[in-house]
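Coming up is one lone chain in structure tokens, specifically the form predicted alone.
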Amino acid sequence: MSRTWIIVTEEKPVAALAAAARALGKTVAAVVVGPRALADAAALAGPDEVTWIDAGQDRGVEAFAAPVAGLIAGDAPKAVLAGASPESRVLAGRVAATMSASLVPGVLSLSMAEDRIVMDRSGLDGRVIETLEAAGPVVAIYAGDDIPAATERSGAGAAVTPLVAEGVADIVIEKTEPAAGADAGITKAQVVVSVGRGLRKKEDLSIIRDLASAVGGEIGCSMPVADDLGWVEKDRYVGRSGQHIAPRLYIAVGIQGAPQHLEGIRGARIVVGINNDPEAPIFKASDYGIVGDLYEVVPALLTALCN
């Protein structure tokens, strides 16, 4: 198998991407878009080869989608991995389009079975695990667990090769400012009540708001509630590619607990999970768990808190 490529736009998932890519082939090549410090950090985290594209101070990562796609597609790999950040997903999409590859989100692990790529994928907000097989090429958005720093490769690491990018889009960052609602309190709140796909309809958000009000907290949500359904503002969804929060108390209502979501609450001091599925992954991350229908549990909590 040819080299497996990883796309790097931030430092945190590099070791996990490299380890996942290593399961598919002997050689892992990384293309890094960002400052030199990011390329140097990536070189120590597992890849065998690192190609660095300097994004500069006023260029968005998205501007380099064409040269990244050209670099990777020119090598004709069977598999490419990227993280779940918005920047990485933009580059991954361009790579997939250039290679006429399948773009697979939510991938937890990868392996080879003869000449086919086998992927375990999280679906339905973590409620099911799908196993997919593909002959390739595949561009996978990795959503598995991160690798602790202690397991990352030490020493000199891979050599970093600068690349003068051609075909850079005319995209310039004019200014950076908080998104509307970003100061609404979720990132600084001491208490956050988040809701997931266990909620049946948008109108039922009222009981979640009542619970948040009763405990003096802010409302958050899992990614599907904001992205797919649009029931809650996108700046309030918690997860790897959303908000990373560290409240004193985090209450997850009707959230299964996909790895992408759990990444966003690693800093929470106390986690309470409410779910009708006793096997829901959220309970593994919870200090306290309540197994039950949120439509029964939340009103009971409101009665106890308000009386």
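Note that the rigid core is defined as the largest set of C-alphas that superpose within 1.5 Å between two forms. Residue positions are given as counts along the sequence shown, with the first one as 1. Worth saying up front: this structure is predicted, and the values here are computed from it rather than measured.
Omitted from view is the form predicted together with a small molecule, to which the following refers.
Picking from 59 to 67, 235 to 243, 40 to 48, 26 to 34 the stretch near the small molecule in the predicted bound form, with a 4.5 Å limit on heavy atoms, gives 235 to 243. In the predicted bound form, the small molecule sits within 4.5 Å of a heavy atom belonging to Tyr295. In the predicted bound form, at least one heavy atom of Met223 sits within 4.5 Å of the small molecule. Remark: Gly196 counts among the residues lining the small molecule in the predicted bound form, judged by a heavy atom distance of 4.5 Å or less. Although the partner is absent from this view, Ile265 stays clear of the small molecule in the predicted bound form, with no non-hydrogen atom inside 4.5 angstroms. Asn276 shows a C-alpha shift of 2 Å or greater between this form and the one not shown [criterion: core-superposed Cα displacement of 2 Å]. For Thr51, a C-alpha deviation below 2 angstroms is recorded between this form and the one not shown after rigid-core alignment. With the core held fixed between this form and the one not shown, Gly34 has its Cα displaced by under 2 Å.
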